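Single chain ahead, written as structure tokens, the form predicted alone.
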């Protein structure tokens, strides 16, 4: 039993089940319904896709504060090209994704090869890309092509497609991280970067790749969010980076690197989504919702510190 609760993913899953039971008892008419659960999953689908990339970054010992801006810019660029330039939907989507790849390349190169601190670099990039999102989206772009909107608004088994994309992303990267040597290297890099370099792992190149991957997943999330809403707005993704970092730390990642599981990204995002949903049902003020989410972030970091101290003590 002790080992069961030492697994952060398992203990978080148990916490989520208990939270659902309590919420179902307190709000029997609103909470335990198919419509509510499907809406919760839809709301957290974008965060989870970004969280998968952030989990890989934290495993490698880094993080990215620009992902929220990339979400807004990639979707905004695609929408701008479709609406104002009459670019075909596939090419517009490709342009949006390539813009995200470019952001990842710049972040990865300057951090891995030029030694810029990840917080400083990605914080600066967050402002630059957010400005770009404002330029391409302006006050907002609506009336996007039907086939573009269908990507995020179509349903399968009564559930909107972003949820299925989220589950596919989590399943795919769970397999890759568990079964491929390439992705397992990130644990060695995050655990001891110097030792990984001496063992023959091309650390700088691997760090470049993971920043590109994280930004690309943020680009995918941006395309899906814009498609789901049927509109592009420069404000999309604001605060997303902090929610995602909170989710992955709750899901078992560590700020010191070297630990974490991809399903933990989903569990952390699910916990955050359920808490937000319960607060809405309980009609908690939006001001208090921000305060509570901030407390959860502090609590997640505190839990991480406690776990690290106990690990070192052993």
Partner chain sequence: MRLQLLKIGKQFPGVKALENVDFQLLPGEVHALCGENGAGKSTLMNILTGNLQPDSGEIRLNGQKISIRNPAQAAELGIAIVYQQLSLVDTLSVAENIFANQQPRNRWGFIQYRRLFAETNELLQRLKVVGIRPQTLVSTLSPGQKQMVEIAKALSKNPDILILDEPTASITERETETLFGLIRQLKNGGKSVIYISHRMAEIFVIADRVTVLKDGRYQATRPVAEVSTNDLIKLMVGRDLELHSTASASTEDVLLSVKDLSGPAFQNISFSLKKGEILGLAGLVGAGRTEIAQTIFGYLPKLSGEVFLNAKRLTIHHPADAVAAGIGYLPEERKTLGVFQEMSVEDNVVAARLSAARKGRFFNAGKRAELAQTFRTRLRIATPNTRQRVVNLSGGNQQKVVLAKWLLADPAVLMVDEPTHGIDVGAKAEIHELLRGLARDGKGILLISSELPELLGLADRILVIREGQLTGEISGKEATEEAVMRLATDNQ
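Numbering follows the first chain given and starts at 1. These figures come from a predicted structure and were not determined experimentally.
We do not show the form predicted together with its partner chain, though everything after this point is about it.
Shown without its partner, this chain lists 180, 235, 114, 142 as candidates; in the predicted bound form, only 180 has a non-hydrogen atom within 4.5 angstroms of its partner chain. With the partner omitted from this view, the residue of 192, 216, 174, 160 that lies near its partner chain in the predicted bound form is 192 [heavy atom within 4.5 Å]. Every residue of the trio 184, 196 and 199 has some heavy atom no more than 4.5 Å from its partner chain in the predicted bound form. In summary, the region of this chain contacting its partner chain in the predicted bound form, judged by heavy atoms within 4.5 Å and restricted to 217-225, 143-151, 122-130, 200-208, corresponds to 200-208. Although the partner is absent from this view, residue 83 stays clear of its partner chain in the predicted bound form, with no non-hydrogen atom inside 4.5 angstroms. In the predicted bound form, at least one heavy atom of residue 188 sits within 4.5 Å of a heavy atom of its partner chain.
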